[in-house]
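This document starts with two versions of one protein chain, written out as structure tokens and named structure 1 and structure 2.
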Structure 1
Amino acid sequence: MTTIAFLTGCSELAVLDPKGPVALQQKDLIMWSIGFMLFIVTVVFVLFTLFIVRYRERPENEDYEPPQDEGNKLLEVIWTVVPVLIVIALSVPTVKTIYALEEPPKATSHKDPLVIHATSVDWKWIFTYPEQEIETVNYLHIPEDRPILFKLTSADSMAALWIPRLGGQEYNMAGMETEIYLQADEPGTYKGRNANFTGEGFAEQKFTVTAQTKEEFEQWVEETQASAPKLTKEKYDRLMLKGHTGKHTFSSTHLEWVDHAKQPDYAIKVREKLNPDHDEPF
């Protein structure tokens, strides 16, 4: 255990190093369960070691005839009831947390959540800020201490938006819209990626999340609105081609002409129309 902690360095265990209330709730639940699990493992390991050391066949016990006991009611009741209690002890916080994660984090629930559409397309991330009329590719800017409501969908294969330090993942599916709340408590840069296998370019389908103070974020929004180019349908369609691309910024959004949650075959149709050999992916 210590060796492994040493090899990774504890801060490297992203899931156990939360930077926001969602990931924190999940970490608390994980730590709570690890306690019980260590208890069970210890009981089993101790009995196991005792029994195989104590009752091992040796030259001196060769004549020993083991008793053929068929069971023991009391013992069997104990090792049925204790696991039942443990399951209850784990179920209650689990259900509570499942429900809690459906809502914006409590501490900031008075604030209006910032809505961001996250669309996956082989093998890129498209982020849309509908209220700000901004669209970014492969990177995110978010304000700290404010709940972010992600609306997830996909243009083709099923992906999963995952920013380990901010919270667990949720699937992006074409023809569907799923929702997930995440939040960052402090400014910083966090790694985000697709966690669900989407084929050839899956390993590189990553993005960065920059959490900023409210003022910095608003400044970024204004600058982007003023200086970034408009997203045209033609440009957007080239994003639909399979492949990777760098970071891009636009001052208008694709929601004007397509919602992948309602048009699951949009990307497929575009690919049939464009010639992937001549039309370079974006």
Structure 2
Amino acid sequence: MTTIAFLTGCSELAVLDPKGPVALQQKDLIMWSIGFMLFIVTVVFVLFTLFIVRYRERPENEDYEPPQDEGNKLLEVIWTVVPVLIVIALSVPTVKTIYALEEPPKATSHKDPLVIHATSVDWKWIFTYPEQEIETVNYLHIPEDRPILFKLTSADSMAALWIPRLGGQEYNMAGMETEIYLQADEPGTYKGRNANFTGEGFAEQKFTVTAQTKEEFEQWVEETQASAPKLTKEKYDRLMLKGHTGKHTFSSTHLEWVDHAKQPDYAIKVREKLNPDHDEPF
């Protein structure tokens, strides 16, 4: 797999380097599926080689004519049952993992999750901490060893939140809200991005996640609440314009005046209201 990854240019296989329980579960499922399918491929090629060697044409049986047989119950049972067993072997762990990911990680399920609203806008990410009254653009701070409940929605195009080393992905859609639990087991900086194509700016719709100790995260919250400017409706509406922007921090949130899960056309109305020729990033 390392050779394949190198030859295909995938030098950084983040999904195979999990830093949290959700990503670890997904990695285990990926490795199980790959290993099982490699076993099937190996069996097929071994049987294929055996048959073409054993039953190849030879000089001593040049005039041999095989008997014309029809039907073989044993073989028919084998090639019917084996695919069913393969599907069961792949689907059972997949379904168990999918249902397990709907809940907080077991090891930290006794802790209250940190709720973060993640809103996708072409082509930026807006993260809202409702309990802390903080909003950030294109970056996140989270505490380690605590489940994070992301509430996902979109102001326009359908996007997908993906932080490969922590897990994912889950879709962000205008007019509705989806959820996903993620968690970081150790401090560090992780990359996140939109994993669903949304147009010309899709490639740069990225963000960073800084996982910190509990004390460092609480300090970041206090400093942000004390020093960051308030988010005004005018500033937020500028974020609704298509385009890229840098990192921004505010000590209030947009949830006071808009919920994109209930107002899917908010960004469209804002863009129509503002001068379309002045469609510049925030």
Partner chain sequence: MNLEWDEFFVTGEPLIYAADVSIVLTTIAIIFVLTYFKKWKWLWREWLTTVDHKKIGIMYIFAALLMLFRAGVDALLMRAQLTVPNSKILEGQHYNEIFTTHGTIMIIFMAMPFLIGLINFVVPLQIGARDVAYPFLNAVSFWTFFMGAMLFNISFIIGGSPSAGWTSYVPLAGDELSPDPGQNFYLIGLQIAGIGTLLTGINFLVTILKMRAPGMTWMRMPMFTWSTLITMILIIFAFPVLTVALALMTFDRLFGSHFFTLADGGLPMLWANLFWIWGHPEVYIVILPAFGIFSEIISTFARKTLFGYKAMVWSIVAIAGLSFVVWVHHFFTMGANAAVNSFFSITTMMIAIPTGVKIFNWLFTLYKGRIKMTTAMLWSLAFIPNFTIGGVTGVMLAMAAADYQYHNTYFLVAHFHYVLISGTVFACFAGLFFWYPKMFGYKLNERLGKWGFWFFMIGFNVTFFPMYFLGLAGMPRRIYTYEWADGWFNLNVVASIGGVGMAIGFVLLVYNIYWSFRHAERENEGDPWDGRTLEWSTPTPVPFYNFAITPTVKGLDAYIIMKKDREQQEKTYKPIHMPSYSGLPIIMSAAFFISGFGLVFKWWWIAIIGLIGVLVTLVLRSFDYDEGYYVQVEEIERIENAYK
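Rigid core: the largest C-alpha set superposing within 1.5 Å between the two forms. As the structure is a prediction and not an experimental result, all values here were calculated from the model. Counting starts at 1 with the first residue of structure 1 and goes up one by one along its sequence.
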In this pair the form predicted together with its partner chain turns out to be structure 1
| query | Core aligned, does the CA of Phe48 move at least 2 Å between the two structures? | reply | yes
Next on the checklist: Once the core is aligned, does Arg58 move its Cα by at least 2 Å between the two structures?
Outcome noted: yes
